[in-house]
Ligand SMILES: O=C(O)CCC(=O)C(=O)O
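We begin with a single chain expressed as structure tokens, specifically the form predicted alone.
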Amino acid sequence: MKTKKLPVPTPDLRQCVSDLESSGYCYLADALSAANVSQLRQRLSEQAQAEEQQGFAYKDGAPDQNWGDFRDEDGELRPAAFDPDAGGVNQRIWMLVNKGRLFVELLQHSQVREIVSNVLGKEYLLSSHSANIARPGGVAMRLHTDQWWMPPPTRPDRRCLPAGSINRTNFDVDKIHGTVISPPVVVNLVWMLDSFSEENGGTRLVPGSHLLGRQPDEDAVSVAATAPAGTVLLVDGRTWHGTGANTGNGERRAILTTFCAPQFRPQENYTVGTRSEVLMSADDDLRMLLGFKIWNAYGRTGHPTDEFISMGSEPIGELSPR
């Protein structure tokens, strides 16, 4: 696969957009100040420690993890995503919108949002806002995309796999003449709270893979994301990627944010799972990201002219005339 020179950290938004379009990822340099990084590290570490102490910790990256399978273009079964139930040493922290003001404030980063808007357009949703603490001993995740659920193009006379039957281990693949790709409808952000390196398991990426129009090849050659703490890595949702193996002797902490186009279902259900105190202080932008804004009549709970869902109100039920 031939690509241009690999992206490097830059504060230039136009260069970031260009890198994202050509390579499938980019690095926004110095997105977080040293003070921001320090505060976020402390809050994340406190939350992770408390969740572990109180039995809420979620671990993955086990050496004996079951990776599952998917079918390639020849119909052969290939390894796919990991099984999170297998446990491990890496700790995931979910639903960060509920776990501290600092995490919510990241969503308002104007430069990052400008890059995301360039890909997804005027309106989009927060799909997930979580964190990963990659610790020594965790194994690398299999390469995958975060648009695995996107029904691929197919021939008009072919019986395709129904869209609702697609899952992480069951893809629909049709050999068609030429390369046809789906548009990007997901953008991932990796907020680096520690420097990323090959040794500490920096995210693995396959440059240019977002333009191939298929799920990852088993023998694809990936590169490690390497950049200093405070950098934000932005990844096209079609790009082949996965968590690297931390072979160093220290933690690698990162906040992982995913945005998706408003037509799609988010990974985290914010309209149900967001705490009331977060919603009470949310502005219109945050409420839009959390799915409380009606998009072209989708997401409504009452009158079709409402702009936002009314939080905490009881919908109209069965009525009888007086």
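In this text, residue numbers run from 1 along the sequence as written. Source: prediction; values computed, not measured.
As for the form predicted in complex with the named molecule, it is not shown, yet the points below apply to it.
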* Has each of Met192, Ser197 and Thr231 got a heavy atom lying within 4.5 angstroms of the named molecule in the model of the complex? -> no
The named molecule in the model of the complex has a heavy atom of only one listed residue within 4.5 Å, and of His210, His144, Arg135, Lys99 that residue is His144
For the named molecule in the model of the complex, the stretch among 156-164, 248-256, 103-111, 116-124 with residues bearing a heavy atom within 4.5 Å is 248-256
* **the named molecule contact in the model of the complex: Gly242, any heavy atom under 4.5 Å** => yes
4.5 Å heavy atom contact, Thr203 and the named molecule in the model of the complex
yes
Exercise. Mark Arg214 yes when one of its heavy atoms lies within 4.5 Å of a heavy atom of the named molecule in the model of the complex, and no otherwise.
Key: no
